[in-house]
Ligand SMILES: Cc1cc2nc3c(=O)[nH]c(=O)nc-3n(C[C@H](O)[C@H](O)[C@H](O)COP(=O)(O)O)c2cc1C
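Below sits a lone chain in structure tokens, taken as the form predicted alone.
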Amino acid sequence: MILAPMQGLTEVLFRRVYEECFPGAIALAITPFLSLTHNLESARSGIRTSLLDDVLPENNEGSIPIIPQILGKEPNEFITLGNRLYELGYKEINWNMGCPMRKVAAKHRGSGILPYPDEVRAILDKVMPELKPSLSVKVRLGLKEKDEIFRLIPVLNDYPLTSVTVHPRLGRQQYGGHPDLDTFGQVLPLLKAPVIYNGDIVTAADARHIHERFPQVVDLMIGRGVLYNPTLPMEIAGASLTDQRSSLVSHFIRRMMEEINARVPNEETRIHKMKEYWCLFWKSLPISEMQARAVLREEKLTIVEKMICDLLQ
């Protein structure tokens, strides 16, 4: 099972606490993306700046093992950053061709590059001969139309990709609507590289459904489902947690608050970070949406912490 990249959420703080509380439950994480334009100078110089903090090996000790993800379309920068990551010990990197953010897509980055298979080919032709780590990719069905993936597949099949992760939505959908499993079923046998499924796995039954319908899928990538229910990976693996689930989840949320307090630099940022996680974490608790929203209305850190702790009792 693979943890999906979620900007601002599945970063190293989360990955360390998760591995501490649920050791081995998630085998691998794809990191939130490193932007080529933001990280180029640190990659060129070899200087370990804060821009690379999330993937520095020393920061990831005790964390879920990771594959760094790159976002961008600039071949020279791609090679430079990719090879710098290889020097840091990463034998594989992932190329983000699925980010649905409008400002990203408008620049032919993330899902914005999906309608342009010739552009993808030109980048891979330049990058692959010089890239030291192996490369996997994460895609959607398209930016605006699902037939975009079928024009892209012949391009992807021409390169020795480690895997292709498919999120069967369009970029313009963001995270709305439902994954298009019928189109995913058409895409699956056409790809030469091993295929990983990503999208709306929030229960163990969802995972079983994907495995049963698409036995060719080699792994599942789960994002929001893990933040809605931190014990989900164990439940998918068959663990029976009836008597333990509540205490496991409560301990995990408490540890997240402790680490946010210890590692996030100022109170304003800490309270923002706690609320950002709380918007997802509360769904794993036996509380109402009204109770959860009351926490979000508070502006003082000590009150927010006390309210969360009271709800964890």
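Fair warning: this is a prediction, and the values are worked out from it, not measured in the lab. A residue's number is simply how far along the shown sequence it sits, counting from 1.
As for the form predicted in complex with the named molecule, it is not shown, yet the points below apply to it.
- Proximity to the named molecule in the predicted complex, taken as a non-hydrogen atom within 4.5 angstroms, holds for one residue of Val164, Val187, Val127, Met221, which is Met221.
- A single residue from the set Leu9, Ala25, Val295, Cys21 has any heavy atom within 4.5 angstroms of the named molecule in the predicted complex; that residue is Leu9.
- Contact between Gly199 and the named molecule in the predicted complex is found at the 4.5 Å heavy atom cutoff.
- Not displayed here, the named molecule is kept clear of Arg84 by more than 4.5 Å at the level of heavy atoms in the predicted complex.
- Not displayed here, the named molecule is approached by Ala4 to within 4.5 Å at the level of heavy atoms in the predicted complex.
- Remark: Tyr175 counts among the residues lining the named molecule in the predicted complex, judged by a heavy atom distance of 4.5 Å or less.
- Contact with the named molecule in the predicted complex holds for all three of Pro32, Gln69 and Asn96, each having a heavy atom within 4.5 Å.
- Residues within 4.5 angstroms of the named molecule in the predicted complex, judged by any non-hydrogen atom, belong to 222-230 and to none of the other stretches in 222-230, 235-243, 85-93, 155-163.
- No residues of 282-313 lie near the named molecule in the predicted complex, the criterion being any heavy atom within 4.5 Å.
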